[in-house]
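Below you will find one chain, with nothing else, as structure tokens; this is the form predicted alone, and questions on how it binds or moves follow later.
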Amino acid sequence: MGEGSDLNAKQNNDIIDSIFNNTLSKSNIFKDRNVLRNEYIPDNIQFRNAQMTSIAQITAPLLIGHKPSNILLYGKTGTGKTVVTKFVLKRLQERASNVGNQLDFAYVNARNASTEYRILVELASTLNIQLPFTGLSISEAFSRILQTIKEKKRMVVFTIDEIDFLVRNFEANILYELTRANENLPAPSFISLIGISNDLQFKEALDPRTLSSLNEEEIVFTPYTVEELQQILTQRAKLAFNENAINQSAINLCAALAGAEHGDARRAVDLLRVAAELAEREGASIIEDVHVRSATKSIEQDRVFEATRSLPLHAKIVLYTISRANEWPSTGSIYSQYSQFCKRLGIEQLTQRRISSILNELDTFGLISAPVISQGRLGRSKKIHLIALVDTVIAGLKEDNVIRQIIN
């Protein structure tokens, strides 16, 4: 018994050591892995000259201390909104520094921050303002930020990525306060807003007061074509991989698969990265089509699990309700079942209008399909069904202790 246990332990250690040794040795595939990360900003951004020009023209007055118009950027996921914004603002910050103009740049992803208060905490942190992680009201936290901006005469460019998440899931009070903040900030202080959204319709959910004070210019990012994605991936591959480490057909397949899903460059680059990692793990020296197809399955499962796991509580309840339905339920029947689950959990239910917004968000994520169907004289209604794998959705939902109560 003892010898068998020792032998098994040695085998385990040998397996792990072999994996670590392969990683420490020079890769046959990778030259620079960071080039394929989502946070990487290329020195040369392709096919977005028009959008870069517009952002630069709108924000240029910052160089001479003038507040520009607020900007809203629209486009599907992976159309370059975030990377182009960061690219232009990085250049703007460098030029402002060269001419002796002090600008502050703050960035927050509303989905990752997940609450209005955490959005303010991240804004404050960028400005070196200390706020406790909990304990303050939103109005008090915002008041402290404004007071510091006023006292130190700061000019702030605040970028809110996935701003539609903020609008759909909260009352968006801080967005209203941000749009009106300059009324209480004497020159030269101001806050300039850049909002990034995956949803062209999100402004419909805005309070009329917020909408009227937003005073924005809009820039639309269209999806990439398959040919554009091929060129983007070819450029990244040259930087990321050793010479002759990938077949052109594998690059073309990544582009074709991502192009079929709204021209998503982020998904195309993710496919390329995961395919390369799979090829490396099996000891291959060339990334081929088979690695891309394996990567597609791996990414889809990971995407659904992560998207499900990170949803707000009420969105999880709605998604679980949909996963239990045998037919294509309507919004009304989903709301009825959702309300019952809220009562069982002892939490206050949202309005049917808010649930309709959550359904739109789940549809945008690709977790459900919610087409609007004409019912003749009865009007129009959404017919909803789950399109993500049920087992993966349930696994993601079970990560939440509250949702686990109704699943069990």
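Because the structure is predicted, anything quoted here is derived from the model rather than measured. Note that residue numbering follows the sequence shown and begins at 1.
Form predicted in complex with a small molecule: not shown, discussed below.
Note that among 178 to 186, 82 to 90, 299 to 307, 250 to 258, the stretch whose heavy atoms approach the small molecule to within 4.5 Å in the predicted bound form is 82 to 90. Among heavy atoms of Arg48, some come within 4.5 Å of the small molecule in the predicted bound form. Contact check for Pro42: a non-hydrogen atom falls within 4.5 Å of the small molecule in the predicted bound form. Contact annotation: Ala265 falls within 4.5 Å of the small molecule in the predicted bound form, judged by heavy atom distances. Using a 4.5 angstroms threshold between heavy atoms, Tyr224 counts as touching the small molecule in the predicted bound form. Relative to the small molecule in the predicted bound form, residues Gln57, Gly195 and Glu216 are all farther than 4.5 Å at every heavy atom. Only one of Ile232, Leu271, Ile145, Ile160 comes within 4.5 Å of the small molecule in the predicted bound form through a heavy atom, and that residue is Ile232. Proximity to the small molecule in the predicted bound form, defined as a heavy atom within 4.5 Å, singles out one entry of His314, Lys203, Arg154, Lys76, which is Lys76.
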